[in-house]
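Below sits a lone chain in structure tokens, taken as the form predicted on its own.
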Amino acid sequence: MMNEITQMLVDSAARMFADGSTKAVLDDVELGVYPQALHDMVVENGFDRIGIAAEGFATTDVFELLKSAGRFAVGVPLAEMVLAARWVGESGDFVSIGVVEGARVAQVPWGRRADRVLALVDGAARIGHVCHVTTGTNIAGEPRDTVTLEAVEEIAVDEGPFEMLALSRVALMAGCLERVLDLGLTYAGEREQFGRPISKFQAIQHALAVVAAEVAAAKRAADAAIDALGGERFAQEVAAAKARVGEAVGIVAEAVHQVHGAMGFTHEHELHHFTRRLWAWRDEYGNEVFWQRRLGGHLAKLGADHVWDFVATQS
């Protein structure tokens, strides 16, 4: 359960996201229009700085904020803004984050607008100014650019940056899954067939029950990874969470689209903004197979005599 300060943070963020991340804004994001109004609200209210220790928030608050962002499919790269400020410090410029691939940095959210990019490579981090951008998008239409950097310098990040970014996607997906469940429940209660809401039909009830169970499991996996922040099991809890939440994404998105029928596949309906982000975020910073292999490798190193202790305890 969230404490009072965290609850106030999440509630304030939700009101801001509701105003600044409407369907019209998300439609524009797919056209390459940056949601500057929402960005300005985030910065003016200090939400981009909550990861900085001096601000007085717990590290767990970062990921509670991202859950809320996921519920609204926010168009700004909030995870990158918050974590970059945490690792680089408040700088006044726009810093995004990506992963080194060869001589360039790939999959950079809104790299075309970034002043600098924090690049991850082999567990280390370096930062540089953007000098060239090749634009691209993920399957949700969110900008994911490839950039070349200049004036690059190494920085120290001692808390597993790749795992932290994977956890950011876990938190975003957990919040987004809740929203997709809400959309399914609302539509089933409003859509009528043969003179009654489709929520009265057993097949629809069964589908939504499966969705609710998957969303609950995903939330619990996300919370376990968030609770493990700073602990010895953090990397393993992130692996379990990214794999389990990714598995839930496939089941939930399929079922809720089926509940919506043809309506859910239209661009005019808002459902696709959430399901396509789920599909995109599932693959960012390692898909289910990637993290299952990591977790499996860790368990194999423990040896058969120690696997049950690992599974049955949290220490």
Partner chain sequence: MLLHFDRVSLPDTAQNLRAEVRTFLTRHADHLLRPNSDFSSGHDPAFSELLGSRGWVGMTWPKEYGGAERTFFERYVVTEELLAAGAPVSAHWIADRQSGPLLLRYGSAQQCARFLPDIAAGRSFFSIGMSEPNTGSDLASVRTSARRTDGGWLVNGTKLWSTDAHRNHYMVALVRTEPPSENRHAGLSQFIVELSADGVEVRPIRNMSGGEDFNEVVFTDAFVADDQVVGEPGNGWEQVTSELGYERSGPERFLSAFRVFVEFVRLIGDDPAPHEAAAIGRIASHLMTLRRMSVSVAGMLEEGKSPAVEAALVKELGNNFEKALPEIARLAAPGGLSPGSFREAFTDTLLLSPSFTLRGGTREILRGVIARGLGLR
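Positions refer to the first chain, counted from 1. None of the values given here were measured: they were computed from a predicted structure.
What follows is about the form predicted together with the partner chain, which we do not show.
Residues placing heavy atoms within 4.5 Å of the partner chain in the predicted complex fall in a single listed stretch, namely 220 to 228, out of 127 to 135, 146 to 154, 220 to 228, 86 to 94. Only one of the listed residues (Ala106, Leu208, Leu183, Leu120) places a non-hydrogen atom within 4.5 angstroms of the partner chain in the predicted complex, and that residue is Leu208. The single contact residue among Glu247, Asp28, Asp283, Glu270, judged by any heavy atom lying within 4.5 Å of the partner chain in the predicted complex, is Glu247.
When the partner chain is considered in the predicted complex, Ala54 lies well away from it, no heavy atom lying within 4.5 Å. The partner chain is not drawn, but in the predicted complex it has no heavy atom within 4.5 Å of Arg191. For the chain shown alone, Leu295 is a contact residue for the partner chain in the predicted complex, at least one non-hydrogen atom being within 4.5 angstroms. In the predicted complex, the partner chain sits within 4.5 Å of a heavy atom belonging to Val311.
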